[in-house]
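We give structure tokens for two forms of one protein chain below, kept apart as structure 1 and structure 2.
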Structure 1
Amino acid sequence: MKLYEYLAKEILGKSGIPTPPGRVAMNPDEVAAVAAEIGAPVAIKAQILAGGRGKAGGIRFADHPEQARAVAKEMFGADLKGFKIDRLLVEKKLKIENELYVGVAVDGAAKLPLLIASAQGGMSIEEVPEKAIVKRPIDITWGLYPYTAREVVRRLGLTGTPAKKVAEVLVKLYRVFRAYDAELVEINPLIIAAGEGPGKEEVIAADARLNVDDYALFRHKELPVIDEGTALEKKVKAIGLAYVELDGDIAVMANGAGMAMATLDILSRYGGRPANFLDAGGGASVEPTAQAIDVLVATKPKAILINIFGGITRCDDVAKAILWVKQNRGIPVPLVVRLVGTNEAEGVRLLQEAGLNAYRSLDEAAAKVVAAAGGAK
């Protein structure tokens, strides 16, 4: 379960990690009141369960309370990355000298917590060159010792007061990771701000993320239960299917989580940009499959790829679902279908009679749909 930034910061603050002055607001008047209370200028940050808010316009600034109110009026109710903004975090705007990335995540392969740090903060860690990232596995029996944290900080090139304070943050961050059964806890950016003089630098968590293991939530009754899906994700979940929105333009449906992930990978290899992850599952009947295809059409992609490897799922049922949507709703964008497996011949026949092709090779299908969407990006 993902926590909103303001909730993650409350936990970090209670653990001794400095955070900016501020609090969450639920309407424009509260935003103005918080701005007046903490003093402008302020940062006004949309509280959604998605990254990349800054680039998408989800973080704005104001120089006085009335400007903060005006900005809040524009932000409340707006759609941001598929989420409706219903709360804003108002914080003191910080003067930044340096930005770091620090985090602790579960390393599934090593079955250990992994400390991750970089002197190139302020961007997604996936975008940082590998040579600029320091990684240190943590023995869960012994935890993160201060000397290990100091070693990591030394490798980041920090010295003096900032080095000491960042090392302290790393130790506290790991304690949060363990105390809350986290899958991930990160601060990006962890900023170094100028203090009142040499040796007075401050280290502050300017942003925070905390994902708690769903299976450990029974141990954390103090945490609110947060449904992190977008409106569309919740709609598809109600059908009984797994769906995640992405930022591409080719809608994708596959049967099985592994098949869906493989489809996204192959699309990317051919230069395509998937618009979603949709696992239709095994054995889905005509009606829910048709509902899933209907959802894909409604997202208005440039093209649609349906990839079915029929085991329990019958290819003829998938074909019938496609034809039902085509006849009753319409499919106004190019549709590429890959059908292999149970009742494959019947499924292919039904599609061909309706003027649709079905491919056996996923590579061929991926190449076709990328071309139909306008070519490699």
Structure 2
Amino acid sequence: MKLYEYLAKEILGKSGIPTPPGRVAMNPDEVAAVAAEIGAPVAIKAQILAGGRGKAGGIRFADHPEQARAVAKEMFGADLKGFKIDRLLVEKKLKIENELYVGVAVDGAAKLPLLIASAQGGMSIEEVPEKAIVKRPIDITWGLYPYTAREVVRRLGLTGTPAKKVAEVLVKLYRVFRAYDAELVEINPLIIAAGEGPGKEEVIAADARLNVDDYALFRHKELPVIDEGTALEKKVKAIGLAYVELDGDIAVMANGAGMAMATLDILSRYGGRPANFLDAGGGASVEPTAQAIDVLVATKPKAILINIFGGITRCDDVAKAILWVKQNRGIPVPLVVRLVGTNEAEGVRLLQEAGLNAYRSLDEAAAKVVAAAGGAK
């Protein structure tokens, strides 16, 4: 789950990392009020769950509260990178000396947290040349200690007060990463501001991103629920399954991500164009599977392909789900079912009794559904 910038900053702030004075606002009046409260000039930042916001015009500035209100009026409701702007973060505009990147992410290959830092902040870390990035795997058993942070800031070329303060931020950032079950927490840019002169430099998180592991949300009731994706994606997520929208006309359900992808590959090979795919996952029982099929029907495809190789998923459960939808909602388009594996015989029998056919070969089923959808394109 991605958190809005302002929520991520609230969490960083609570953890002792300095953030700019400011607050989120839900309408232009509130924007003007916050600008008056914290003092202009201010930055007005669209709160959307996507990167590259700055370049897309999602960050603007105002020199006084009235200007802030005017700018806010333009921004609210506007579309930014596919998201409608419904909240703005109003912050004191910062005097920037230097911009760094610091982040902690899960490194799947190393099976460890990875501390990432660069002296070239302000742009997406993907655009920073590899040699300007410091990466340091952290032993999750022991955590990130100040000495490691000192080693990293030395590699960034920092000295004096900025070195000390950035090292402190790294230690706190890792704590946030752990405490909030983050997949990624990053501050970009982490800015160094002049403060009141040499030795008084300040280090401030100017932008922040915090993505919390969906699997760990059960132990983070303190966090607001933020739903991403289209309405349909949200609906399927609520059932507990994975759903991806594509731009073709054949709706696809398969069980297992690898099988789902292979099914798309095979459809493509036959010239079919998938409308979406739905991963029925491992071991979904009758009811969620029925709900999932219902979702597929609702996308109004030209045809539907259900491809199940039963392991933890039982073929008879899938058959029951199909029959439930057929009987209760109706399936108005051609449905091709491929059903093998656990409890296959029982599943096939149930479908046959209801006059539905089930294929054993995926090859055959794919050819069939492409034809049913009007042939190769």
Partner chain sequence: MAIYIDEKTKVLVQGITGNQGAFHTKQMLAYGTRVVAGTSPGKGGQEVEGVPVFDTAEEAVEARGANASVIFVPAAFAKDTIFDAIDNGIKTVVAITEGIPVHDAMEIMAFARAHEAVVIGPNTFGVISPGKCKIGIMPNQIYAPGKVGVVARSGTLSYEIAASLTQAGLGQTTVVGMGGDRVVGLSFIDVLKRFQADPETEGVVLIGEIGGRAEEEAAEYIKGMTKPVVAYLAGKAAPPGKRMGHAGAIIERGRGTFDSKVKALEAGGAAVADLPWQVPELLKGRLASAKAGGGETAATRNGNGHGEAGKKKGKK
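Just so we're clear, the structure is a prediction, and the values are computed from it rather than from any experiment. Basically, rigid core = biggest C-alpha set you can superpose within 1.5 Å across the two forms. Residue indices: 1-based, along structure 1.
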With each form of the chain shown alone, which structure should be assigned as the form predicted on its own? 1
Displaced residue check between structure 1 and structure 2: residue 223, CA, 2 Å or over, core reference: no
Tell me whether residue 57 is among the residues that move between structure 1 and structure 2 (Cα shift of 2 angstroms or more, core superposed). no
After the core is matched up, is the C-alpha of residue 256 off by 2 Å or more between structure 1 and structure 2? yes
After superposing on the core, C-alpha shift for residue 315 between structure 1 and structure 2 in angstrom: 22.0
